[in-house]
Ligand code: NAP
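First comes one chain, alone, set out as structure tokens in the form predicted alone.
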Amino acid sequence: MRKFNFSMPTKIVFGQDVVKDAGESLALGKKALIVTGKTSARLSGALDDVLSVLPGEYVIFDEVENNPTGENCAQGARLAREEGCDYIIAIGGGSPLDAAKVMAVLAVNDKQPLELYGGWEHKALPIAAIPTTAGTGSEVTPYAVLTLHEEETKKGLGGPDLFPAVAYLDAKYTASLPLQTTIDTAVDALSHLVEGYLSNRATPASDWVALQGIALWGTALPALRQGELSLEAREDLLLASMLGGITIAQTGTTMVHALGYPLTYFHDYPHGRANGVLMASYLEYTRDKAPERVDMVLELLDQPSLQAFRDLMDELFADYVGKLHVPEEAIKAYAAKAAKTKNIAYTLGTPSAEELTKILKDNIL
């Protein structure tokens, strides 16, 4: 008998001009902390749309770093407390959205950022999330990923109150992204869908969401390859990204993320690109454990073979293939650290440090 849980408490509002159409209902309290990066919220037009309809008071924290640290999040939380903010509007890609979640917790809990990995007492401030990339799906997950210099890696934390209260998704906000950023973030979304579908925590419900997302991502693939994305293609990618977020909210991620994090931390590789470098080898590894599932992924993406999928990733990252060189000792260290993570525990077959080392060697040595 099947038995599983499925939780998705975030209200999703998808389509053109949904922020403007929200009007006064955009406010989740009396005073907002608007959390953004330096430029994306303004360049995308999302911040202007928010300010054009937002009632009540607000203060802007626009100092979110790429790959934010706990200290960066603590800055925003201090501002929220000093200004008496009772809710958060997060605008941007994965970094602002994840940082906003941590700020929402720190604003109402007397804790240091690292202490949050052990949990917290008071419920986080409510969040309205407005993604400007089609990648992380953070607008519909209970996770936030921080850069931990203490551990020389990126590491996720989670809790049910990290689900945003509402997510507003408008593909026009992704139109200002450079093509390579669009590709990087799109591959991140694909990795969420694929890893969730191939996770040992997958359920019939998460499978349905993941398969819908993979198929939809595949419809946008020709536009990605051509480098010419219509608003419709961007909507497909944004919806696929959201479905990826819903998927991993149920399943978590697997070895791709565990192995990709050190490539981002030590080599400044964008997260989605790091995942893309490793995904073909991940599919090869998993095919021995779940051949019918891997074949389904390839079929939905219209890829006739694993080699065709590898060629696809090489094509999308053509300017970067073969340019990342990591010493063998570093590779072994990355694999050993990855082997201890929960991502590996969620991976079919629970790969050993030796198997993880081989995957890294095959792709980046």
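Note that this is a predicted model, so its numbers are computed, not measured. Numbering starts at 1 and follows the sequence shown.
One more form of this protein should be noted, the form predicted together with the named molecule, which is absent from this view; the next part is about it.
Listed residue that, although the named molecule is not shown, lies within 4.5 Å of it in the predicted bound form (heavy atoms), from Ala240, Ile89, Ile248, Cys85:
Of Ala240, Ile89, Ile248, Cys85, the residue with a heavy atom within 4.5 Å of the named molecule in the predicted bound form is Ile248.
Pro164, Gly276, Gly196, Gly93: which sits within 4.5 Å of the named molecule in the predicted bound form by any heavy atom?
Residue within 4.5 Å of the partner: Gly93.
In the predicted bound form, is there a heavy atom of the named molecule that lies within 4.5 Å of any heavy atom of Thr39, even though the partner is absent here?
Contact with the named molecule, yes.
Using heavy atoms and a 4.5 Å limit, would one call Leu177 a contact residue for the named molecule in the predicted bound form?
Because a heavy atom of Leu177 falls inside 4.5 Å of the named molecule in the predicted bound form, the answer is yes.
Should Thr254 be classed as touching the named molecule in the predicted bound form when contacts are defined as heavy atoms within 4.5 Å?
Flag for Thr254 set to no.
Can Gln75 be called a contact residue for the named molecule in the predicted bound form at 4.5 Å between heavy atoms?
Looking in the predicted bound form, residue contacts with the named molecule do not include Gln75, since no heavy atom lies within 4.5 Å.
Which of 130-138, 110-118, 199-207, 221-229 lines the interface with the named molecule in the predicted bound form (heavy atom within 4.5 Å):
Result of the contact check: 130-138.
Residues Leu43, Lys154 and Thr181 all lining the named molecule in the predicted bound form, heavy atom within 4.5 Å
Contact check passed for all of Leu43, Lys154 and Thr181.
What residues, if any, in 50-74 have a non-hydrogen atom within 4.5 angstroms of the named molecule in the predicted bound form?
Heavy-atom contacts to the named molecule in the predicted bound form: Asn66, Asn67, Pro68.
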